[in-house]
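For reference, the chain that follows is the form predicted alone, supplied as structure tokens.
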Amino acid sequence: MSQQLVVGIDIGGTNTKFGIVDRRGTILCDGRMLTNQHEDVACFLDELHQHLAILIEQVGGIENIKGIGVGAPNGNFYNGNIEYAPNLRWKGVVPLAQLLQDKFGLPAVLTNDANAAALGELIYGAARGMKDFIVMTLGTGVGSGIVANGQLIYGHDGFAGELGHCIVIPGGRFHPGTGAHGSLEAYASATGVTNSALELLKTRPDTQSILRDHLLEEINSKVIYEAAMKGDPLAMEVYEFTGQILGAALANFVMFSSPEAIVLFGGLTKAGDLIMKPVREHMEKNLLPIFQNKVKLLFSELKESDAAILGASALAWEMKD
């Protein structure tokens, strides 16, 4: 019965979530901690070890654990390093898989966080049984994991699938993290939605909106969502605009890999039809006839916090003994 469990870890720019998972994809116990409290990765690993040691004891000790799988921003599957992640405090190249291995005495494997979410969808979620699909993570940033012919696409260097950094509006909105102008992430992320609302408030002084009851620094994607749910015209226009840009970008991605489905995942999907309707309309409008009405547009079936933990754990199951 030994080694019937693995550890899955999802490192985000703000929070790190972790859990112990069995082969059926049941998260037996889990927890979270702040990522950005630790400027030094060694201090981060100390705190992570403290949390996980308690969970590992709960499931009968380390001899029951096969290994550790991690999803992290700019995580490179080939070498186990986090490389120049713009939204983490640890700069440069961090050999995270090796550091975890040394800390826990368990084999560790690492991939990009959106790839981990794609693996979670493939094995446990909306993409079960599919060989060709794309997962788009719409959170603080925009990430993507691409599966083609049943394989996660890593590219020659481990960094394939940065669809959030594709330029969708040449010379468009500035992205402070990358220095790019007009990338998808600058529009279709929670940050992008907030910036779109602020731009509309400025350029449409005559349009009535409950967003005007807030100080500008109070406006975020949650406030905009709540306003849109009350039928606020300006907030609804923000979703229409976001959906138009995201839909046109998804049309490009469809024509690149002809997926069976695109799975949308992350905070922005909580807006439901507010975002899905314009995305679907503009995706179909921009597709060649041979691709139209063929691609399923789905919301993730997995709880947001679970998908990346499950995907990271799936990596650990695939490790050679």
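For the two forms, the rigid core is made up of the largest set of C-alpha atoms that agree within 1.5 Å on superposition. Numbering starts at 1 and runs along the sequence shown. None of the values given here were measured: they were computed from a predicted structure.
As for the form predicted together with another copy of the chain, it is not shown, yet the points below apply to it.
Participant: Name the residue from Gly155, Gly172, Pro95, Pro86 that puts a heavy atom within 4.5 Å of another copy of the chain in the predicted bound form.
Facilitator: Here the answer is residue option Gly155.
Participant: Work out which of Ile210, Leu198, Cys166, Leu106 lies within 4.5 Å of another copy of the chain in the predicted bound form, going by heavy atoms.
Facilitator: Result of the distance check: Cys166.
Participant: Which among 257-265, 65-73, 271-279, 41-49 is in contact with another copy of the chain in the predicted bound form, heavy atoms within 4.5 angstroms?
Facilitator: That would be stretch 257-265.
Participant: With heavy atoms only and a cut-off of 4.5 Å, decide whether Thr203 touches another copy of the chain in the predicted bound form.
Facilitator: Thr203 lies outside the contact set for another copy of the chain.
Participant: With the cut-off set at 4.5 Å between non-hydrogen atoms, does Ala228 touch another copy of the chain in the predicted bound form?
Facilitator: It does not: once another copy of the chain is placed as it appears in the predicted bound form, Ala228 has no heavy atom within 4.5 Å of it.
Participant: Spell out, yes or no, whether the shortest heavy atom distance between Ile134 and another copy of the chain in the predicted bound form is within 4.5 Å.
Facilitator: Taking the distances in the predicted bound form, the answer for Ile134 is yes, it comes within 4.5 Å of another copy of the chain.
Participant: Would Glu162 count as touching another copy of the chain in the predicted bound form under a 4.5 Å heavy atom rule?
Facilitator: Looking in the predicted bound form, residue contacts with another copy of the chain include Glu162, since a heavy atom lies within 4.5 Å.
Participant: Between 79-93 and another copy of the chain in the predicted bound form, list the residues on our side with a heavy atom within 4.5 Å.
Facilitator: If the 4.5 Å heavy-atom criterion is applied to another copy of the chain in the predicted bound form, 79-93 yields nothing.
Participant: Gly172: CA shift of at least 2 Å between this form and the one not shown after core fit?
Facilitator: Moves: no, less than 2 Å.
Participant: Pro233: CA shift of at least 2 Å between this form and the one not shown after core fit?
Facilitator: It does not reach a 2 Å shift.
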